[in-house]
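In structure tokens, the next block holds one chain alone, the form predicted on its own.
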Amino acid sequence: MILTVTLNTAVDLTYHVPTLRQHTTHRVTETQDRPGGKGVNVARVLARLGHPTTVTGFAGGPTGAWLREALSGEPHLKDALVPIGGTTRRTVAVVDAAGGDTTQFNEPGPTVTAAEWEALKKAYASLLPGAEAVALCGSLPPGVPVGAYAHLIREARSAGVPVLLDTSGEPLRRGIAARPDLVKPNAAELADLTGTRDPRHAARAARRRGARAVVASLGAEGLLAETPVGAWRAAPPGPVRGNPTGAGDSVVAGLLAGLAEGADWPDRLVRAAALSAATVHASAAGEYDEAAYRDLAARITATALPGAA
């Protein structure tokens, strides 16, 4: 199975409005609520692809109970979330139908106690022996040490389990020093980490800081991979309009699915780019348009880049 860790789970609310304007009242034309948090989105996409996946992290309060109930109906997905006394956060995405843009509001999340963090570490250690790969995803809720991901990476490496890290800021800086197998930043996160805005130079700098491989999400420009065996770019053949919430999480799912199936790097990158674009076509995070995915996977190619990785 593939293990995803979401320390700051969420219930994702998506509102669709004809046009989003400031300082006025809006009539919502469509509403969706879904289990959320980056690792939960990754797990839901992986499960839909047919990969057995286990979700761990924190969940509490009425929203946490709703999230766990919603996950219970997902095929190929196992709930190993750790209960906490606080209340799982909500996120709100407002989709502007006219402009095609999405505005996101993210709550900070509940405060996690030291005892709850210890319980998570024990649960994680017990799950590692059955995992073929681990994804550590998203922000840290209040109370969780800033070096949490670094600790979890070292645990996975000690167990011989490949580990992917998808976070930002100081947790990314500390996590990358623990030498994860793969990091998946976006362009802004990569620039913040390395101090350079040239994506390829920044990806190489991230590898020097400890990441074995880097796959960067570059928005409309697609994906860039810098790995020990080469470098590639992959992008959709044209502009993609829709709700981008969760598109980066689908990149992670595509990379992990390719790893689990023994695919080479170009194939992993194509799958990830296709899943990301197909998620933009879907109505909510953690989902993707199946027809769009199959079409894009057949049309996207990974282009090898010159120079040593």
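Note that residue numbering follows the sequence shown and begins at 1. Only a predicted model underlies this, so the values are computations on that prediction, with no experimental measurement involved.
Same protein, other form: the form predicted in complex with a small molecule, not shown, and the subject of what follows.
- The contact with the small molecule in the predicted bound form, taken as any heavy atom within 4.5 Å, belongs to 244 out of 61, 258, 266, 244.
- Note on contacts: among 219, 99, 130, 169, the single residue with a heavy atom within 4.5 Å of the small molecule in the predicted bound form is 219.
- In the predicted bound form, every residue of the candidate spot (240, 251 and 277) has a heavy atom lying within 4.5 Å of the small molecule.
- At a distance threshold of 4.5 angstroms between non-hydrogen atoms, residue 282 is out of contact with the small molecule in the predicted bound form.
- In the predicted bound form, the small molecule lies within 4.5 Å of some heavy atom of residue 273.
- Although the partner is absent here, residue 87 lies well away from the small molecule in the predicted bound form, with no heavy atom inside 4.5 Å.
- In the predicted bound form, the small molecule lies farther than 4.5 Å from every heavy atom of residue 139.
- With the partner left out here, the small molecule still marks one of 107 to 115, 89 to 97, 204 to 212, 179 to 187 in the predicted bound form; by a 4.5 Å heavy atom cut-off that stretch is 179 to 187.
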